[in-house]
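The chain below stands alone, shown as structure tokens; this is the form predicted on its own.
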């Protein structure tokens, strides 16, 4: 049911996801959904956990066998592609707080961070700066992809060219450390 909710969020946007619309999509009555989730908040947490796991898997697969700029570019491109393909489910990840280390949100977020941490192994980032570098990468990738998914780049410059510029910019910054 969470997967159906995630797919619906991608189709209608996260603000449009409701229990009633999900029940309609599944061909059941709304009360039937409560056998699977406690309510809308529980559904959103499930969608967010699914999105983090899927995005982490996509980025992890993309960087396999790569290092340095190649790994950075592969991770950034895979992350962007995931957000553009799944804007509703990805939007559910923003603002969700794990309840503990075994929470699927924490596990998915940890997997994503570990993947980007692997990218950083191709650079000489001092251990004391790893958290800062991870936040920088997340901000760049998340910001660009979410703006693009919301049609936020309406001027004449090619969006793909801008994204490659962003990757080059991050690479130069990481190499300069």
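Residue numbers count along the first chain shown, from 1. All values reported here derive from a predicted model rather than from experimental measurement.
Keep in mind that the form predicted in complex with another copy of the chain is missing from the display, and what follows is about it.
J.: Any chance residue 159 has a heavy atom within 4.5 Å of another copy of the chain in the predicted bound form?
T.: Yes - in the predicted bound form, heavy atoms of residue 159 and another copy of the chain come within 4.5 Å of each other.
J.: Decide whether residue 8 counts as a contact residue for another copy of the chain in the predicted bound form under a heavy atom distance cut-off of 4.5 Å.
T.: So residue 8 does not count as contacting another copy of the chain.
J.: Test of understanding: in the predicted bound form, would residue 102 fall inside 4.5 Å of another copy of the chain by heavy atoms?
T.: It does not: once another copy of the chain is placed as it appears in the predicted bound form, residue 102 has no heavy atom within 4.5 Å of it.
J.: Hey, in the predicted bound form, does residue 135 get a heavy atom within 4.5 angstroms of another copy of the chain?
T.: Residue 135: contacts another copy of the chain in the predicted bound form.
J.: So if I measure heavy atom distances to another copy of the chain in the predicted bound form, which of the stretches 126-134, 57-65, 39-47, 23-31 falls within 4.5 Å?
T.: Result of the contact check: 126-134.
J.: What are the residues of 158-174, in order along the chain, with a heavy atom within 4.5 Å of another copy of the chain in the predicted bound form?
T.: Heavy-atom contacts within 4.5 Å come from 158, 159, 161, 162, 165, 166, 169, 170, 172, 173, 174.
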